[in-house]
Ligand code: BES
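Before any questions on binding or motion, here is one chain by itself as C-alpha cells, the form predicted alone.
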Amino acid sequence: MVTKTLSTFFISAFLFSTLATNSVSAIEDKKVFISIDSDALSFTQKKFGKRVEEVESRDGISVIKIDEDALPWLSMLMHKNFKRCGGFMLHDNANEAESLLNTHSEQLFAQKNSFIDYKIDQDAIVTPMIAQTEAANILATITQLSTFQNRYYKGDYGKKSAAFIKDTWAKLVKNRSDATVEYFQHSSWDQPSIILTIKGKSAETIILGGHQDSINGYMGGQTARAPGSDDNASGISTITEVVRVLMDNSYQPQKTLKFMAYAAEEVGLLGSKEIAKDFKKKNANVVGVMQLDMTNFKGNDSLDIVLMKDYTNEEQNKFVGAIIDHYVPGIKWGYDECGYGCSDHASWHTQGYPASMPFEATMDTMNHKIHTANDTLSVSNNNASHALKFAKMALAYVVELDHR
C-alpha cells in the first residue's frame, strides 16, 4: 500500500513538473480566479511559474489568476505542503474574487460578534438522544458511500453518490410533513448539493453540513479511485446519524434546521460558496453553522475534537467546547488553525455568518491518506468510534442552539 502510494506520487510529481514548467502551449489554457492565504502565494508562484499571476493581496488573502487545469495539482500541493484540505476558493470571475477582499468587515463581524445568548440547559432532551447514537450506523453509511468509485463533482459517480445521500435522508424524514429533501442544482458542474430542511416555528436557521465529494489528488479525473472514507464520507455519515436520532424521537424544532451535503468542496468550496451567497442574497437569518469535514481518524493522542480558530466564530466555538464538556465527558478538545479555505465553513464565514469547524485532529496529525485511493475505513481501524463523538457533540449543538 505504501509502495503503491509513493510510486503514484513520484509519477505524478514528474508529470506535474512537466506541466508546471511548460510555458509554451498550442492551445491557451483557460484562466480562472482563486483566492488563497497570502502565506501560500510565493509557494504557488514558484511551483506554477508563468501559469499563475497575482492580482491583489490584502488582509492576508491573495487573489490570483491561474490555469484551470492546474487546480487539482494546487489542491494536492496545498495538502502536502500546508496540511490544508482544498486550500483555496474558486471564483466565477475577477469581480467576485476581488470583492472578497472587501469583506474584511463582514468576516471580522462573523468572527467576533455574539449572534445568540449561548447557554446549556436542555439536558432532559439531549441526554436521552445522545445515548441513542450508534457507531454501527455511522460505519454502515461510510461503507456504502465508500463503495462508489469516487464522488467526484464532475461525472456520473458524483451524481449517483448524491442521489444515494438524497434517498437516504428522504427515507429518514418520510413520515414528516414538515420536512423536505431537495437538490440545490449547480449550473457549472454535474453534482448537485443536497439540503434537508425541517421547518421550525421560527425562520431562524441552524445549519449542520459537510461536503459529499471526494477526489484523488494524485491521479485526478472522473474515473480515478477515491473512496474518501474519511474525507468526507465520515462527515456525511455523522450528519446522517444526527438526523436519524432526531427523527426517531419525533423532534419538533423551534428554529428551522437545515442539513447540507455540499458538492465540489475539494476544488475550491464551490457548492457551499453558491449556497451561502444565495442565503445571504435572501437575507436568511442563519444563527449557527457547523461544518463536519473528516470525523473518523483519531490522529492525536491528547485531543479528540479540535476546533479551528480561523474563519470561525469565537463565541460559538466556546459554546461548542462547553457542549463537549457537558454532554460528552471524558472527550478532550482544543484549538488549532486550518488555513484559508480549508473547508465549507469558510464560505459561510465570508458571508458574515457564525460558523464552527470541529475537526478529527490537529492539522499535523490528521489523516494524511486523504485524496488518495487509500483513504479507506482501514485507516480508522474499520470502525466509527471516533466519528461517534462528533455525532453526540453535533446532536447536542443542534438541540441546545435550537432552544436559545
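This is a predicted model, so every value here is computed, not measured. Heads up: residue numbers just count along the shown sequence, starting at 1.
Although it is not shown, the form predicted together with the ligand is what the next lines describe.
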Assert contact_stretch over 243-251, 124-132, 178-186, 267-275 against the ligand in the predicted complex, heavy atom within 4.5 Å, equals 267-275
- Kindly confirm or deny that 211, 294 and 342 each have some heavy atom within 4.5 angstroms of the ligand in the predicted complex. yes
For residue 363, is any heavy atom within 4.5 Å of the ligand in the predicted complex, or not? yes
> Do residue 359 and the ligand share at least one heavy atom pair within 4.5 Å in the predicted complex?
Replying inline: yes
Notebook entry, point to check: residue 349: heavy atom within 4.5 Å of the ligand in the predicted complex?
Noted result: no
TODO: Would you please decide whether residue 371 lies within 4.5 angstroms of the ligand in the predicted complex, comparing each non-hydrogen atom pair?
DONE: yes
Of the residues spanning 229-250, the ones with some heavy atom within 4.5 Å of the ligand in the predicted complex are 231
